[in-house]
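This document opens with one chain alone, in C-alpha cells, the form predicted on its own.
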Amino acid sequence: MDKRVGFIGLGIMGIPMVHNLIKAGFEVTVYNRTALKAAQMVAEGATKAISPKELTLENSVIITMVSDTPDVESIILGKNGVLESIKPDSVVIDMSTISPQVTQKIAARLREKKAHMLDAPVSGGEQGAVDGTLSIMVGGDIDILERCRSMLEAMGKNIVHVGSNGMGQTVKLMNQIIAAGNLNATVEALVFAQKHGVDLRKAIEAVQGGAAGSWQLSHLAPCMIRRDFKPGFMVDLMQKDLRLVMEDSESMRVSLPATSLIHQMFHSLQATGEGKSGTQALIKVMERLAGIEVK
C-alpha cells in the first residue's frame, strides 16, 4: 500500500502513534490546532499541513485521533475539512472515541465522495500508544481494513474487525463500560482492605493472578497506593466516553445502573478539579466516603 498517511490530532495518544508510524517507515503529514505539537513531529521527520483540507490533498489515507464527536465532525465535514478535498477510493480512519451514530453519518458522507471510512478506536492508554501495543476495534469494510492493516499494525497489536461502520465505536464503548466497572471494583476493594489494615501491595500480588485480576488492578492500583495520579487516561476523557455510553443506552432503552453510578462518581472528581488527573483518581471519591486514605 501507499506509505504516505495524514494524521490529525497530536494529543497524549496521537504523538506516540505518529512516532510509531514514522519508525515503521511511513511518510506522515500532520495537522494539529496547536502548532507547537506539529513542530515536534516535524522534528522527528513528519511534514506539516496547515489544514485538514491541505493534508487530505496529499494523502489517500487520513487518520483522525481527537477528543470528541464535534471535533471529528469539524475536521471531516467542516470548512477546510477532509471532505472538501478527499479523492475517490481514499480512506479515513477515525481512531477517536465518538458517537456510533455520528460515525455512520460521516461514513455516509464519505461514500458520497466514493471514499471509505474505518472507525478504529483504541484501548491501551498512553503506554499502549508509546509501546505500539494498542487494541484496535475496527468497524467498516473488511477489505479496506486489510488494505490498511500494516498501518494499524505500526500502532497496535490486537486488531479485530467487529462489523460495519459504527460497530468499532460501539465495541469501544463496551470496553469503557467494562473498564469503568473494573476500576470501581478495584477502588472499593482497596478501601475495604485498607480499613482492615491489610498490606495492599501484598494483597494485589495475591489476587491479581486469579479470577479477580484485571488491567485496572495490575496497572492502576499500584498508582493509587503511590498517590500517582498523572494521566495515562484522563478523567475528562473517561467522562466523555461514559457520556456517550449514557446517551446511547438511553436511545436504546438499555439500563446500565452500575455504569450510571460510576459516571456520577467521576462528576464528583471533576467538581473538585481532578478532570485532568488519571482515572485512578477515582479512589479519592471512595476515600472521602470512607474517611480514609489508601496507601
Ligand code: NAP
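Keep in mind the model is a prediction, meaning the values are calculated, not measured. Residue positions are given as counts along the sequence shown, with the first one as 1.
The same protein also exists as the form predicted in complex with the ligand; that form is not shown, yet it is the one meant from here on.
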Original post:
Does Thr34 make contact with the ligand in the predicted bound form, using a 4.5 Å heavy atom cut-off?
Top reply: yes
Original post:
Is Ser67 one of the residues lying within 4.5 Å of the ligand in the predicted bound form, judged by heavy atom distances?
Top reply: yes
Subject >> Exercise: Ile12 in contact with the ligand in the predicted bound form, heavy atom 4.5 Å >> reply: yes
Original post:
For Ile75, is any heavy atom within 4.5 Å of the ligand in the predicted bound form, or not?
Top reply: yes
**OP:** Counting non-hydrogen atoms within 4.5 angstroms of the ligand in the predicted bound form, say which of Ile93, Val191, Val122, Cys148 makes the cut.
**Re:** Val122
Original post:
Pick from Met234, Met41, Val61, Val28: which residue has any heavy atom within 4.5 angstroms of the ligand in the predicted bound form?
Top reply: Met234
Subject >> Segment that reaches the ligand in the predicted bound form - one of 222-230, 42-50, 235-243, 254-262, heavy atoms within 4.5 Å >> reply: 235-243
Original post:
Quick one: in the predicted bound form, does every one of Asp71, Thr97 and Glu126 get a heavy atom within 4.5 Å of the ligand?
Top reply: yes
Original post:
Of 147-172, which residues get within 4.5 Å of the ligand in the predicted bound form if you count heavy atoms?
Top reply: Lys172
